[in-house]
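As structure tokens, one chain now follows by itself in the form predicted alone.
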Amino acid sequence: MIDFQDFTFGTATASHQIEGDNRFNQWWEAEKRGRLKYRSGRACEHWKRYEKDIELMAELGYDSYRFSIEWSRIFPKEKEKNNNALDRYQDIIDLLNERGIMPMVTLHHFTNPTWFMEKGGFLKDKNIRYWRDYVETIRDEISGVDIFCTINEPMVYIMNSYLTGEWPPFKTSLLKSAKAEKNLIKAHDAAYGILKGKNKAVGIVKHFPDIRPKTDKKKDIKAADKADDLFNWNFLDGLWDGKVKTPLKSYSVPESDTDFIGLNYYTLHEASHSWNPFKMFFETELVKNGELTLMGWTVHPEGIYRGIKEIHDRYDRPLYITENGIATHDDRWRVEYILKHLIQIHKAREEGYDVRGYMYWSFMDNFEWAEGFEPRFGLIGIDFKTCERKVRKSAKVYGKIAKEKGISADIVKEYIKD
């Protein structure tokens, strides 16, 4: 038995990806205007079906659930609070606690209220006050949550929204991306101060791709170091240092803290030198080794061990694996994927690294942002025509691991062939 005592096994989701009809955020607005290829629509109808979904989590044996509160549901218009939405989220939290499932709440998972974006969103310092209003509302009116994540994958949000222009508001500006990075650190600091006042554990969630040099040439090694620094370390370093160094300039930010770090890990990238100054003299690409997932990603479990080790060594904070998952139609491969990553996590724990939980992404198939509904990450399959749920074998195997707090030799033998 590969032992995982004192460890939580759960799943993760995000509001816009599963709830359905999130009509008041910038993503829905972009969908409505035809700026995005896919429309989320009713998504998985989790906003209506949450009671049965939570019951299913409990039956399967999962003991934690990371989900996001949709800011635009709480404040669909400026200064217009939606008490019905607050009541619904409170009901979700109460049901989770009743069923012995620890709620881990994320306050920002890529979406913002449309009215907030019309005011400039996180590009303007003064707009942090609206974020503070939202976080204070959660603090004062939501109970039963002991662990919060402030912001999910800030660098993914910044790059896609303000640098590559693939996500709303579709900007391609180094200056705007730098301002957004600065103000998201300020937003984390504000949320940390507000929520810590109630003695909660408050952390931030960081996407950590494993970035390697494409060749052993010095210029490619230097390119990988630069890409690694800008994407994996720059934001978190700034959070503690009181200064964030962007490619254009350095900004002063509050010296902040975090009680834990959520690590999201999926795949392997490689970096190479570029002579293009607009690319900051480097470029990165996905490594395409072996069979690829529906997202076009290679599977590289060793990267999660590297992420745990390097983050823990650098910041000395407890870790949760807040996302890790595979988009595939091959459910056996999903089980193998989970097992191989958990084995790497166990290796890190055996070496003394403080990893406290694993949340598989995702509990159910969902709306996968710019990729639409085709990528199938879920332990629970969704028929998007009817929104009916189907429990996959992977959900049951993962549930057995969660209930037993360990991986049996029989499961390893059945699903890991190499």
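A residue's number is simply how far along the shown sequence it sits, counting from 1. This structure is a prediction, so every number in the text was calculated from the model and none was measured.
Note that the form predicted together with a small molecule isn't included here; everything after this is about it.
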Checklist entry - Can you pick the one in Y89, Y192, Y266, Y162 that has a heavy atom within 4.5 Å of the small molecule in the predicted bound form? => result Y266
Next on the checklist: Can you pick out, from E270, E153, E336, D228, the residue that has a heavy atom within 4.5 Å of the small molecule in the predicted bound form?
Outcome noted: E153
Item to check | Residues W233, W240 and F260 all lining the small molecule in the predicted bound form, heavy atom within 4.5 Å | outcome: no
Next on the checklist: Given that the small molecule is not shown alongside this chain, does Y134 nevertheless sit within 4.5 Å of it in the predicted bound form, heavy atom to heavy atom?
Outcome noted: no
Checklist entry - With the cut-off set at 4.5 Å between non-hydrogen atoms, does E368 touch the small molecule in the predicted bound form? => result yes
Checklist entry - Do N25 and the small molecule come within 4.5 Å of each other in the predicted bound form, heavy atoms counted? => result no
Checklist entry - Just to confirm, F110 within 4.5 Å of the small molecule in the predicted bound form by heavy atoms? => result yes
Checklist outcome for this item: Partner contact check in the predicted bound form: of 360 to 368, 346 to 354, 30 to 38, 55 to 63, the stretch with a heavy atom within 4.5 Å of the small molecule is 360 to 368
